[in-house]
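Only one chain is shown below, in structure tokens, and it's the form predicted on its own.
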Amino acid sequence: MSSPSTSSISSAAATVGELLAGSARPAEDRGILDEGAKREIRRAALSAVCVPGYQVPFGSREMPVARGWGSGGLQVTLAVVGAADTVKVIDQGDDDGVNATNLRRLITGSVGCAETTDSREASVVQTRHRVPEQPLAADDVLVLQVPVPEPLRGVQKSVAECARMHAEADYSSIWVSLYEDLVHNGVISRSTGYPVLVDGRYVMATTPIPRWDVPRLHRSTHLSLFGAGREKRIYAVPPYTDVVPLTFDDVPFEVEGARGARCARCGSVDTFLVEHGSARFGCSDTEWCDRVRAGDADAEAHRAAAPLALLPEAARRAGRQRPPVETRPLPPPRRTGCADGTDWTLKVDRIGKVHGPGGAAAVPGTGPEHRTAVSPVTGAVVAAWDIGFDVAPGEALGLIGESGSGKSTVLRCLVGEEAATTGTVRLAAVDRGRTDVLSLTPAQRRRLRIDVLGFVHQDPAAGLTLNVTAGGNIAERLTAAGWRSYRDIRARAAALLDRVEVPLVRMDDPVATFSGGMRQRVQIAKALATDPAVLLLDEPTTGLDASVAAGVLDLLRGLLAERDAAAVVVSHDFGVIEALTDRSLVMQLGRVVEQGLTDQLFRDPHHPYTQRLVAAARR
């Protein structure tokens, strides 16, 4: 994608500056937005122009306007409009509605600018729901009052997590929402708020405009400013900026409408039409409709620019509603090899984790010989210390111990859920094992969990989105890895679910409707989706009935043998470790007390603690 040139961004910034320069008014004026608030909004608008699609916060008091007037759009308009401007206000495509009329009076009365209902005469257009059918000029500003600015709100409730996802361009949840829409409806059904990628970087929600108007934002000549009053956010699309709808490679983007539909008043077939009664349609943009009827519109140019090629076609939609699931076999796993001059895929050296003050100074006086993990020096908990091992391709290593032994802490340090106090972790798939992955940034560690590490949680609810289908959960990992073909994603998900013995008739059912054992199988399929070099299993059968657990163990045993991944299995149950692993480390109070081949440890344990674990497994 091409980016907006520096000159176009500078031009947009200059446009905002010029518009705002004329808006300062004497203190005795009756403006409802004070100059301090205007300056704050102007600064936010300029920042938004410089970083297209990025939501810039601003501070301002609530506007004394009626509910539904769109205070965010109104604040932006009052900040950018000057006395020399001409303002047009549209509500649902209508210039003469109650809200549009009252807002227009409020703006002109506050600023002293001219008003119009003709888009050709306006320099600032405030709108709710529509981009005018009349193309705007290069110096025009389109202000949109936004009810829901955050595209991630429907998939993520945490504001902090939304910010993190935007910062890392982590938009797999958005792709899953599109996948689920296709699965259940055969089409992407959302209209307003359709997600788009702005300038190749930020995903933006196009609220409040319908899909029909989304193509008008792409490389437009005018500046678009989006204002959200409740969230106090402004974002912008400068002139000549790429605005590309998110869509799968094999599912074309479509706008609303039906071929052959026309306006009952003006006869237009190339406008956004709204239904008026049974099988009757009318132009949403009333100004354009009136001008077409009066012969005062460039109908030929309008038709050439209309997104008619994006109207739905029955032929290309055929078979998209729950398409047949292809049960092609899984391809052979990717061979990542070992690190230079070594035979390991994963190498852990002297990992330690201390919860509390002191670091290494907290270690003396703790461990099995002292019968405590609590430091007598600092009071910190030494959860794990001096743990080291390596795992070869196709090998499974067990970490076994009772609750509190530190085995899950080690696993969380490996996957990045906890920061290790000391030690190194190296992966053959990362810089041929030369880089300590603990030195990577949190964003880089999270990326490893997509491409290199597969993690199966003890509780499937921690590794799955329960209100999403089984196929959609796998699609989340695949789209995060860059997959963009809807059919390829479905085929891969079907092959994985078939391999873990989840009936394919359940592929499009929410995981919340599954039993515990089936959820765990879906989680295993998700973990394997990108052929990770290392598979981390945290108590994979805890909480399952004995017969269900036995089935999951049989499944994991077969998968580990065929996928050639290095695996680390954490469990308090020696029976699980014996069934899955080749070598094992026995942990007690944060230390390794015994290690060796799993079958030898099971047949001839030496340490008293290991002997107790084996005795419990044999009962």
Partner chain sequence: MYEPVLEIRSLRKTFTLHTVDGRTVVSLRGIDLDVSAGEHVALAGASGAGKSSLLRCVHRSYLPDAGTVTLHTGGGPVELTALPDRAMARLRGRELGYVAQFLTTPPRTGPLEVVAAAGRRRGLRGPEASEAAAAALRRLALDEALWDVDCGVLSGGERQRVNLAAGTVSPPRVLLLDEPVSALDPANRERALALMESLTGRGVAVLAVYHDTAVMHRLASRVVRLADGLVVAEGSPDEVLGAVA
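Numbering follows the first chain given and starts at 1. Remember, it's a predicted structure, so these values are computed and weren't measured experimentally.
Separately, the form predicted in complex with its partner chain exists; it is not shown, and the next lines address it.
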Checklist entry - From the list 436, 180, 531, 390, which entry has a heavy atom within 4.5 Å of its partner chain in the predicted complex? => result 390
Next on the checklist: Is residue 50 near its partner chain? Define near as a heavy atom within 4.5 Å, in the predicted complex.
Outcome noted: no
Checklist entry - Would residue 349 count as a contact of its partner chain in the predicted complex, using a 4.5 angstroms cut-off between non-hydrogen atoms? => result no
Item to check | residue 508, heavy atom within 4.5 angstroms of its partner chain in the predicted complex | outcome: no
Checklist entry - Would residue 583 show up as a contact with its partner chain in the predicted complex if we use heavy atoms at 4.5 Å? => result yes
Checklist entry - Thinking of 250, 492 and 501 as the candidate spot, does its partner chain come within 4.5 Å of a heavy atom on all of them in the predicted complex? => result no
Checklist entry - Mind listing which residues of 590-605 have a heavy atom within 4.5 Å of its partner chain in the predicted complex? => result 595, 596, 597, 599, 600, 603, 604
